[in-house]
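Quick setup: one chain, the form predicted alone, written in structure tokens, and binding and motion questions come after.
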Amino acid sequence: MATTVTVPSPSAPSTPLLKDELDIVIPTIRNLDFLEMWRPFFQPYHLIIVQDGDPSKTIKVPEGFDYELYNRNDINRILGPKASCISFKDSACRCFGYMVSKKKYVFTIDDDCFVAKDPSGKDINALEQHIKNLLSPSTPLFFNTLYDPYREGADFVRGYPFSLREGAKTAVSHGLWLNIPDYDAPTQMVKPRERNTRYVDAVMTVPKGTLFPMCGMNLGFDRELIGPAMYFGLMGDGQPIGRYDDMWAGWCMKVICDHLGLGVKTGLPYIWHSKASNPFVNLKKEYKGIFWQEDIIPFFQNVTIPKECDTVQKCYLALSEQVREKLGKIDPYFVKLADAMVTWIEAWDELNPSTAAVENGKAK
């Protein structure tokens, strides 16, 4: 059975932003002691913890948090045969939390990510910054050289078309990391001591038609706008590839956002990434992906979603067909992945029947 613990929130001087409209999703294989550091920022919110690995292991959660905990047995029970689309022994399992959430917004974070400090030494409330990013528009059609024009102290620069200043709805807020950079295994090997100490006080919209490598360890999104596209693929146990889960989701999500006229922001907030993973283990996971991405990226750069696809689900299913047809020629894994993408949408719609037929956006 999934574990549910509800604790009354302590009284606070003001109600936290989106307190009843946002879930925090955390994939883990260990006790969640790291939540103590995040308590001032996370305690008012509901947590969805997705336990990876051995379901018989007990995951300890600090007292005072309101949470649900799902292990592999729960995933199998809830999804039945469709549980095959949820990765095992890989942080990609986090997307199960996206599926069972009933909130409008989701913030996801890894258990080795701690509270960072800004240049003045003040603790950074990463969740609050993600919310601000998501609640303000994006500018995917025209780049503003002062970055996010909706932030306090900024605006549209001279020459920015007035007809585009209303912006687009923001679907995704992609945060960054201080300390351990999110490098691939070859870069880790040649720069084992490199640390990111640069704090750049900027938020910007990723332009329409531009892809980026999305990192899932510090990420917020509007579940109602883009949730069904946030599938982290088949990774980990029994699969020929790992550590491409968040990037795969990011590429799928971005081409769908471009099609539906939605925006994606990157930059603030920062978290403190505390632990470097083993580059040799990472290389085994990434090996095929490093070669395959030279075909995957051109695929996404040239993919076309039919104009009649006016919901995220329709877009995602159309994308899965092209993955099967075009990337399936590279390796049979992509046929299996395309099948899993379809299963994911079927499972999403079963657990979210009220949104299954709702148009999440209109093709532009």
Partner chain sequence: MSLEIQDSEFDIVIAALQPNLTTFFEAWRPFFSRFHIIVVKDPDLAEELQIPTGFDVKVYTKSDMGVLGATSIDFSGHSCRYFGYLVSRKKYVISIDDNCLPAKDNGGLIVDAVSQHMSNLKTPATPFFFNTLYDPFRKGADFVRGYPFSLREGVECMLSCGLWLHNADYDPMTHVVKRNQRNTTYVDAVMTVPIGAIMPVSGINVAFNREVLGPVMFPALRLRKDGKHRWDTLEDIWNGLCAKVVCDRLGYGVKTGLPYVIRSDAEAGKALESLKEWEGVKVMDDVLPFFQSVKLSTTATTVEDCVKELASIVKEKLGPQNAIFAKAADAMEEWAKLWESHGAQSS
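Numbering follows the first chain given and starts at 1. Bear in mind the structure is a predicted one, so any value in this text is a computation, not a measurement.
The form predicted in complex with the partner chain is left out here; the points below concern that form.
Contact with the partner chain in the predicted bound form, defined as a heavy atom within 4.5 Å, holds for exactly one of 121, 192, 81, 153, namely 153.
Taking the partner from elsewhere, no residue among 239, 280 and 328 has a non-hydrogen atom within 4.5 angstroms of the partner chain in the predicted bound form. Residues placing heavy atoms within 4.5 Å of the partner chain in the predicted bound form fall in a single listed stretch, namely 181 to 189, out of 181 to 189, 220 to 228, 124 to 132, 97 to 105. At a distance threshold of 4.5 angstroms between non-hydrogen atoms, residue 301 is in contact with the partner chain in the predicted bound form.
Although the partner is absent here, residue 92 lies well away from the partner chain in the predicted bound form, with no heavy atom inside 4.5 Å.
For the chain shown alone, residue 169 is not a contact residue for the partner chain in the predicted bound form, no non-hydrogen atom being within 4.5 angstroms. Residue contact check for residue 176: one or more of its heavy atoms lie within 4.5 Å of the partner chain in the predicted bound form. Contacts to the partner chain in the predicted bound form (heavy atom within 4.5 Å) from stretch 278 to 297: 286, 290, 293, 294, 297.
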